[in-house]
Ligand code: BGC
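One chain follows as structure tokens, the form predicted on its own.
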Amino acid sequence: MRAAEVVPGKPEASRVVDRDDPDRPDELLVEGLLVGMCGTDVEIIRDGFGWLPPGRDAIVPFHESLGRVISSPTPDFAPGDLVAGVVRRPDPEPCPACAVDAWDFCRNGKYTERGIKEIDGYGMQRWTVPPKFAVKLDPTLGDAGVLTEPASVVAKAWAQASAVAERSHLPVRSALITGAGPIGLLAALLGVQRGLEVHVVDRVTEGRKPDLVTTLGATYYSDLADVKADVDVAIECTGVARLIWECARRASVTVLAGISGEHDPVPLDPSVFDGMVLGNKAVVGTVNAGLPDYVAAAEALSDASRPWLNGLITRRVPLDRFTDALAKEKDDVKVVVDLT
């Protein structure tokens, strides 16, 4: 089989190599179909983020996966099933969170992650995964199943928002989503599925993103100042400081799901904190996802419009040219690598 390999921080060293098929009889053997390129993959390949497997000089990238089961050691999965693989693995100690399979809340940082931290990713034509870390998908999803991992991230964001709102006796009727990349659009999808009035802000003024938002039944804005509606929950997907503070000012619950990588100081209005205290507001950070979030994501995708989901996949590149996916083109939303 063929597999992508990268050396973090050295994009010129990226290559496709031949490998033996994996042989782990106690795991699912999966035919890799698609992987998604996201900002984390770009940071690994271009900027040197990530951790190599022990004793290795390269890692197989990609953590957003879609595959078809070839063989299974358990009757819970059958040949032909469409599956996505979970990214994170619990730390070996384990910490209090990992001990109860809440590895996305790992407290000691000793977790591992496929394609990111010490474990090869899903960028190969055959991969294996323990049944516990595989999620069966609706077979009618087809290629849109590759959206499972990013959808799991926003499923967790919504779970966090709902938990805070419930203990605050907050009836959630409306939501503000900042950023209309894959995470923001999927966050909007889950908000609409919850019956909420959804407002999405992104800086582009025309093209695919506004159309995807309006088709969903949400309202699109290219300037946050144009959002006049009251919002109960904000899911901030950009990491832009100005938007973070504005979300915290406007919403009762703000979930931070984006990292900008920018560290320059920004002006801060102290009244934002006054409003948070007096209004019993909350700001919550979230990263990665647990198994319940993957299951919720799979259900949300199954319930979604297939044409709408397919509209998120804007470009496909072949495995032999997987680095072509690093460069963002006009109107790109989700770029995928075709492993077949």
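Numbers follow the displayed sequence, beginning with 1. In this text the structure is predicted, and so the values were computed from the model without any measurement.
The next section is about a form of this same protein that is not shown, the form predicted in complex with the named molecule.
The named molecule is not drawn, but in the predicted complex it has no heavy atom within 4.5 Å of Val213.
The named molecule is not drawn, but in the predicted complex it has a heavy atom within 4.5 Å of Val287. Interface residue remark: Leu190 is not counted as part of the site for the named molecule in the predicted complex, having no heavy atom within 4.5 Å. Residue contact with the named molecule in the predicted complex: Glu149 places a heavy atom within 4.5 Å of it.
Residues Phe49, Ile116 and Val153 are all found to lie within 4.5 Å of the named molecule in the predicted complex, as judged by heavy atom distances.
The partner is not drawn, yet in the predicted complex one stretch among 277 to 285, 36 to 44, 23 to 31, 301 to 309 has residues with heavy atoms inside 4.5 Å of the named molecule: 36 to 44. Only one of Ala161, Leu186, Ile177, Val87 comes within 4.5 Å of the named molecule in the predicted complex through a heavy atom, and that residue is Val87.
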